[in-house]
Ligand code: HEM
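We begin with a single chain expressed as structure tokens, specifically the form predicted alone.
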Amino acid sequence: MRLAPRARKAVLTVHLVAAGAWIGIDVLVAVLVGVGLGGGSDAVRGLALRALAEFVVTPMLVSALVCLGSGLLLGLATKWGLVRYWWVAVKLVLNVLLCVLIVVALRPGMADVGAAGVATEAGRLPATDISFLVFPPAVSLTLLAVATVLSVYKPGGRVRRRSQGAPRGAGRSAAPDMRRTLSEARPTFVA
């Protein structure tokens, strides 16, 4: 299955917009975490934490899933494939990993972050430690930057596949031996 050029450009545009939105949301998360854990008035810190808990996870997950879906479509319907090139395979793994981390690691802690925001606004110490909030934007922005660099430079070449019955290394070394065998097998005529 191949996408027509116009369809490919449309899917690529969706992919780029979703990736850009995802990066933008991660930058927003970093700002809210910095404000929520940093200095300033209790009201501002509490509001930042409450906004983080209330408004960030769903848009981040939606943009990540749109990026994943459009990336899968581009991989399946273009010459790049899903696991034909290393850079595409690595981007796929990073996207799936980040989607899982959003659901498994980030989303469950948001209730505690919201409660910490309410406590901070009231001038009390939060009941739970929310210092873990430093890691999600750092990890996510780093991995999204790696994915962006992979998209631009496309390093690593093709993923090599072995044939099912061939032993390891047989694919490359067999060809020169075959040529030599064929050249030795040619009949020679003596005059």
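Given the structure is predicted, the values throughout are model-derived calculations rather than measurements. The first residue of the sequence shown is number 1, and the count goes up from there.
One more form of this protein should be noted, the form predicted in complex with the named molecule, which is absent from this view; the next part is about it.
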Does Gly117 reach the named molecule in the model of the complex if we count a contact as any heavy atom within 4.5 Å?
no
Test of understanding: in the model of the complex, would Ile25 fall inside 4.5 Å of the named molecule by heavy atoms?
no
Against the named molecule in the model of the complex, would Leu125 count as a contact residue? Criterion: heavy atoms within 4.5 Å.
no
Are any of the heavy atoms in Leu49 no more than 4.5 Å from a heavy atom of the named molecule in the model of the complex?
no
Ala19, Lys91 and Leu144 - do all three of these have some heavy atom no more than 4.5 Å from the named molecule in the model of the complex?
yes
Tell me, please, which stretch of 39-47, 65-73, 128-136, 52-60 lies within 4.5 angstroms of the named molecule in the model of the complex when heavy atoms are compared?
65-73
Within 76-92, the residues that have a heavy atom no more than 4.5 Å from the named molecule in the model of the complex
Thr78, Trp80, Leu82, Trp87, Val88, Lys91, Leu92
